[in-house]
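Alright, two takes on the same chain below, each alone as structure tokens: structure 1 and structure 2.
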Structure 1
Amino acid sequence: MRKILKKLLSAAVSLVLAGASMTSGTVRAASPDETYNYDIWGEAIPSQAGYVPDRAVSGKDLGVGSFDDPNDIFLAGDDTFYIADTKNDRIVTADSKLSHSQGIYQTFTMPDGSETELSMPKGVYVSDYTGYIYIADSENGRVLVARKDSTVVLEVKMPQSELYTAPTFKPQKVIADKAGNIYVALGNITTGSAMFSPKGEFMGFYGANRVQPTAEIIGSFIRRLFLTEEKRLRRTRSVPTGITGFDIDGDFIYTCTASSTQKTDTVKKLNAAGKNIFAEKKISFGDNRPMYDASKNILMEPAITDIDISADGCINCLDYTTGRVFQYDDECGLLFITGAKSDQLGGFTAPAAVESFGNCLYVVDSAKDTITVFRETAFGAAVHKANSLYNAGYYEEALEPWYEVLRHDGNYRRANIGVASALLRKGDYKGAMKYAKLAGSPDIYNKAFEGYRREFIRSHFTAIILTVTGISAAAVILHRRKKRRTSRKEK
């Protein structure tokens, strides 16, 4: 009897713990081969993979010896990869297939003819407009701008300006726009990226993150209103998080922050004036709910450490916490979730950078000292084809590709939205309502319902009029009869 009671008690405890884990709003951390997406309620559900791990490339595979803490990767316009091999103090170049190295940048010739070497370079960028290589030479406290023959054309160092109050200048990432203006992400700066002219003149800061408006910060602000000036000066100020990575696409600069406590401005799309185009979308990048790591008993909040904009406009966000790449379309619709924190192929220990080329994604792991190549699946190709047509405004042309996606995965929400939009354009309002309901899209459903109602009234107009006329006539006749009966009773 005691054994039975113990078993029942054990089962009850298990159920309670299971219920507690469900109400906590977390999901278990998945392995690289367990792909998922989100349904209309924001719940994680199994899904087809858009990308699968193909191979991991090391420095030895490229013929340059082992990498040591690589931190960045960039694909130039001539399809050459540039890899910031940080602790080896060098930039390694490789062919587009990552099969062999095409050269190493380690020593450069300064304008005065002297030679200089890199020290812990953490970021690299190559401009299609200037043709220069931009290197975030972190430990040397500078950005080097050089030709491909290793001759330096510009050295950007710590600004001598009242606006720049930080004690150090340690570039983490660097990019340049069409005009040759240089943007530098600095780990110790929270006022945005430092911006320099093509001549290296400091122009100020660009794209600062906003402070997360938590209840604590709002309460602190209200209390400050009633403090004396002396007490205000003593209080600790709330500051935004710094920019940790960025990419440039045409006239827009995309930034991200790896702070796991920051909920605002984790990913931004900035125009020339520094305005965040994504600010009004109210989108959360990364997992909808924190991942739960059972082995460490911790919640893993998203921390977007790097960002890449692919040739077709997709936004690839690398989450350091979970080791996953979250791919969105240019309207911030989630397409795929790829990768994980794992020792096996397709998993990462310390993901540092992401890049895209053709139908592949490339993720740098600074702890494993490798670059993992993910190749697109047939499902991924179908989604990208349909999504490109849809976002270009070719809704009807995208209809069949969206059906192909649903044949792979009937729960894929983005496809249901695409089909609903295409059917709405075609005038198939009943079908549009069906797929809008599956997608959980009230906007499309309401538009389809309005169209369906208009169409119903138009096609049944005569019958409706006759029915209304008949009902009205019957009502008048009944009213008159009732009136006559009432009059007779009164007499």
Structure 2
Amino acid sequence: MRKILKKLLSAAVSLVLAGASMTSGTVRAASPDETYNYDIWGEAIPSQAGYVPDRAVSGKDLGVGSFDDPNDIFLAGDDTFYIADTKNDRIVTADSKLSHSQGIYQTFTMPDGSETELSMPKGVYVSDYTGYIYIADSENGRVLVARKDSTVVLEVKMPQSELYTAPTFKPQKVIADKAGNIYVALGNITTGSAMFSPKGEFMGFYGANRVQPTAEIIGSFIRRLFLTEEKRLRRTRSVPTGITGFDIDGDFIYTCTASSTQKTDTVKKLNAAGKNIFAEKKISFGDNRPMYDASKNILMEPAITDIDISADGCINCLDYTTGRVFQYDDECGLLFITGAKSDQLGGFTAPAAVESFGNCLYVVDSAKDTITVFRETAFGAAVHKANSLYNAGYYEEALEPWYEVLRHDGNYRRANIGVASALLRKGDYKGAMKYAKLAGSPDIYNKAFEGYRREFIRSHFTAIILTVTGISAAAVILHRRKKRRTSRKEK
């Protein structure tokens, strides 16, 4: 009896100790949601956090009074944040640490000397090449191009062109390229973003989405062939959804489309000709399988509402439905999933815009009226370092960083692929086979196996030849003996 009691007691003590060491030993990220990633089968598996919420910054923290429905954030080349504080009709600037405001843009001086005010500015962009501020002044129906001293250079209004058939002009987001061409996302316009020359002339549309050929749309197209003109006019038209947000990185413009029904072209990388480079990749951005919310009885279809390209080329996609930031590398490989829909720090109610700077992510929530700052974890830093080396082709240099990633998360598939590729390049075929198997990559395994087989045959050549000749000789002798025996029997 005493023995049993002793055993029980020691078990209880060890349990408590184990629990204590778990809470103190491992530093758990304070994230409101479980972090996950996708395995090769497209199933969600637990993973380490690449980013953890650091703090939330409100307008009061910046000393400018609280924000009201902020819709956009942009980091200019001189490390200044520009925040479109929509319902306060102003643009707030802040330093790169988001500690204090550096000024507010509310009124601008027109070229003729008159004053003009902003009304519901929804998007802001600052060009490094022209140095101008571009503001999507939505309720005024214009795009303002102004110098940093609040003098307006150009006012882009609704184009008077036959091509522009929409009754309204309400800019949502705006960007400008190197040459100073202005691109305006218009939300309800399905033919792409409106493009203007540096002088404000309408040049046409750019980068329209495609219609996804679903069974319903093909069916309605066939039915349409047999309808009269009158019936045809009354049917719903199948048109693609308009562009929601974009970002520019060098010569490429990335667009995103927040639509819960559209699956194609939710994220695009457009070249100067307006061709989507991601079109052939067949990747669905956002959650692979939409989560089902039983409490609201809705399927949480991804709706990518904003996109940002960080300095190292990573693509950050902000999903409005789940409040998650999906970070992809420049080859569209999923790196991290961060964020949630919740009231805690790191969760959002109505996420509106995402921006990145250094090793931080900034997400604007238009309902909470805050900017949440996410900080990169040690794991995130290791993945970024290894991944950028790997994508640049430095497989062997990336080996150590990938091992570091695997020490944090042994399930991280890209790390296994990275290690397998590096070992293959080094000529360690056996190790490459092991990691290729873990990564689930038959193609890398195939190459490693080819090398392994070649080495095996080379080193065991005499043994192989001896066994083959020995076996065949034995078979011939046995066969002959058998024949002799049967022929003797028959005699």
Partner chain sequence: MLDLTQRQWVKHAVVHPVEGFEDMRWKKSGSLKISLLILVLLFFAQIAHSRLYGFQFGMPNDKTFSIVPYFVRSFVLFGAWVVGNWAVCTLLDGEGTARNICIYSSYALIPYIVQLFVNVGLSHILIQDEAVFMQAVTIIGTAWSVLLMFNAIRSVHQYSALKTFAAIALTIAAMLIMLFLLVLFLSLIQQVWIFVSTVYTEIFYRTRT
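Everything numeric here is computed off the predicted structure, so don't read it as measured data. We call the rigid core whatever largest set of C-alpha positions still superposes within 1.5 Å between the two forms. Numbers follow structure 1, counted from its first residue as 1.
- Of the two forms shown, structure 2 is the one predicted together with the partner chain, while structure 1 is not.
- Relative to the larger rigid part, the smaller part rotates 11 degrees between the two structures, based on C-alpha fits.
- Structural comparison between the two structures after rigid-core fitting shows the C-alpha of A475 displaced 7.7 Å.
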